[in-house]
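Before any questions on how it binds or moves, here is one chain, the form predicted on its own, in structure tokens.
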């Protein structure tokens, strides 16, 4: 039976050593054995458990709920995989609709077709957006409701080019943060601070006002607590949610 060190496990799975250490610390994925030298050793059962963790993260399940599900007496791996397959197929269909919206929007921007303005938002889930807003209001009180209204008012003036630029910058920030994570750059390093400066400006554009340091740090907590944000960032790079949140808090402290 194959046995893997934490570095080998990270290389095999794509999950960072930092994330594996975190999973160990919270009891989500304990190594099968720890040697006298302190090295962690994982076996195939640990690989399958990590695969389950990643499937759950992709399906936006909070970490505490993942642990409860995997540690449930009589847990059936095959049954869990079948249920996950059904949900992933449904998500794949939803993302296929969103890809179609992207393609048609690009075609409109390039002058190949004219897209009806109502078609710009096909595939998005208004209930999820309402849920994000309700969570923010619950966390930060009624002043947040006014800020959300201010943000929406600012976005009403955006045209298709504004939206495309806004989405492209978000993707670029996420890509650059994932690259910084892979390079092991400290969250308060110069290159990461430069990315956070762009993220701060991106948030300011989204909110139609510059965020306060406290609000920016609070947004970092939301990214960590909300399973959909976590799933988005973890799909880009395992460990990115925590890394991004730490970088945001470090940047807020500097402000």
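Whichever C-alpha set is largest while still superposing within 1.5 Å between the two forms counts as the rigid core. Treat the numbers as computed from the prediction; the structure is a model and nothing was measured. Positions refer to the first chain, counted from 1.
Unshown form predicted together with the DNA; subsequent notes refer to it.
Checklist line | Proximity of residue 16 to the DNA in the predicted complex, heavy atoms at 4.5 Å | finding: Heavy-atom contact with the DNA at 4.5 Å: present for residue 16.
Even though the partner isn't displayed, in the predicted complex is residue 191 close enough to the DNA, meaning a heavy atom within 4.5 Å? Flag for residue 191 set to no.
Residue contact check: residue 63 to the DNA in the predicted complex, 4.5 Å heavy atom: Although the DNA is absent here, residue 63 would touch it in the predicted complex, with heavy atoms inside 4.5 Å.
**Prompt:** Does residue 38 reach the DNA in the predicted complex if we count a contact as any heavy atom within 4.5 Å?
**Reply:** Output for residue 38 is yes: heavy atoms within 4.5 Å of the DNA.
- Message: If contact means a heavy atom within 4.5 Å, which one of 215-223, 22-30, 192-200, 43-51 is the stretch that engages the DNA in the predicted complex?
- Response: Selected stretch: 22-30.
Q.
If I superpose the two forms on their rigid core, does the C-alpha of residue 87 end up displaced by 2 Å or more between the shown form and the other one?
A. Comparing the forms between the shown form and the other one, which are aligned on their rigid core, residue 87 does shift its C-alpha by 2 Å or more.
- prompt: Rigid core fitted, is the C-alpha displacement of residue 17 between the shown form and the other one 2 Å or more?
  reply: Yes, because once the rigid core is superposed, the C-alpha of residue 17 moves 2 Å or more between the shown form and the other one.
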